[in-house]
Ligand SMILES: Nc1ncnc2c1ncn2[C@@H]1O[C@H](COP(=O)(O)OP(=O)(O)O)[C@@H](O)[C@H]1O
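The chain that follows stands alone, in the form predicted on its own, written as structure tokens.
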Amino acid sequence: MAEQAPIKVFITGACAGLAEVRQALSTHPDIEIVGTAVEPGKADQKLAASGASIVLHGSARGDRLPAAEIESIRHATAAPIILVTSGAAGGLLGEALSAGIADVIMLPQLTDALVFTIQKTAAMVAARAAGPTMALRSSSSEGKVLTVFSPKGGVGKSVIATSLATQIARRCGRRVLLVDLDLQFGDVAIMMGVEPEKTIYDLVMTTGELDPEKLAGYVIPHASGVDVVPAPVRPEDAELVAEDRVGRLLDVAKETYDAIVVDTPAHFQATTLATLDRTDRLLLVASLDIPTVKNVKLTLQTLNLLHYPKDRINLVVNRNMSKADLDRKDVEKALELKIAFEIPGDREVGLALNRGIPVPMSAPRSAVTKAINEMADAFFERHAAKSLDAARKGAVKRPSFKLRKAA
């Protein structure tokens, strides 16, 4: 495979931190800085001749779009514009989207996150240029990635992830990998009652190319039939789990497992974005309270900016036994999104957490398990011929791994 050429980036404008961005990108092997200009209106010829694929425009104000400067850039080049700002965002995201800005980056930002945003924008442009045949990846012949995300902690995200993985394995008879991507404070290992002898940190730090056989040596088999990749034991190890290694992990897992359930942190970061790129179904978890609904609204706006398909988003409401829930219809109206699944409040959840047993195994007749069953059945048909429960009562057998040949 031929090595991809660096993405050509032209930097315009000015804001706090933009000089550091330029310095960081200038030494990155995937980026080529082809020019800079503080005032794009005075550098239209330079910009037009640069052959830039992406324009990064710095703006010191985050409360409004620099419309005149954006117009000057568009007069010189058709390259997509990524707005970089160090000011408070306010309503800038919505305004930028309406104006056709490809993305908005708030500084300070990690270099890897900046590069990921540039690469994502370049890929979107290439996909549009190639036409509908280059739409987002199809997974009809591969395992499905189900990502569980919430912009607010404490809404039951990890409970849903562990329960859903368990029921897809037990009820639907599928091969399931559960990945804890909440790298600093992940609780999947505790909730599944497994000892994290090896974690995602150990997996990504191995030398050489990751393949299915190597992946099999780092997963922890669970009695439910689920294989688990826990979060790092030490929070400081999270920084060493790079998004490209997470992407490779998911790509390999899609060749081996029927379902990959990913539990995520309560904020967007590079590894989360790499996961979204490979996600077939995004389960956006919310509770029916104003702070959470507000954060979910902002999440949906961000996903819109990332051009994430709305038809892949499933809104999951966890009622968690609150007596002050907002009205369902009001929430759907505010979010402009129908509720796909509802998880009722149930005291069995707390008991399951304390036991380190997934809810469907701790309380198989509970209302929560019934709701999780509906979710599992919605994503996978049940295999009537066999049950993984019976298959895994004896010695745990590893699946036969075969790496597909590249097309």
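None of these values were measured; they are calculated from a predicted model. Residue positions are given as counts along the sequence shown, with the first one as 1.
Just so you know, the form predicted together with this ligand exists too; it's not on screen, but the next bit is about it.
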Quiz item: Does at least one non-hydrogen atom of residue 254 fall within 4.5 angstroms of this ligand in the model of the complex?
Solution: no
Practice problem: Answer with yes or no whether residue 353 is in contact with this ligand in the model of the complex, where contact means some heavy atom within 4.5 Å. | Solution: yes
Practice problem: Verify the contact flag for residue 343: yes if a non-hydrogen atom of it lies within 4.5 Å of a non-hydrogen atom of this ligand in the model of the complex, no if not. | Solution: yes
Quiz prompt | Any non-hydrogen atom of residue 33 within 4.5 angstroms of this ligand in the model of the complex | solution = no
Quiz item: Just one of 235, 309, 154, 108 has a heavy atom within 4.5 angstroms of this ligand in the model of the complex, so which one?
Solution: 154
Exercise. Scan 54, 43, 70, 349 and let me know which has any heavy atom within 4.5 Å of this ligand in the model of the complex.
Key: 349
Exercise. Specify the contacting stretch among 111 to 119, 222 to 230, 154 to 162, 245 to 253, defined as having any heavy atom within 4.5 Å of this ligand in the model of the complex.
Key: 154 to 162
Practice problem: Please state whether every one of the three residues 191, 318 and 368 places a non-hydrogen atom within 4.5 angstroms of this ligand in the model of the complex. | Solution: yes
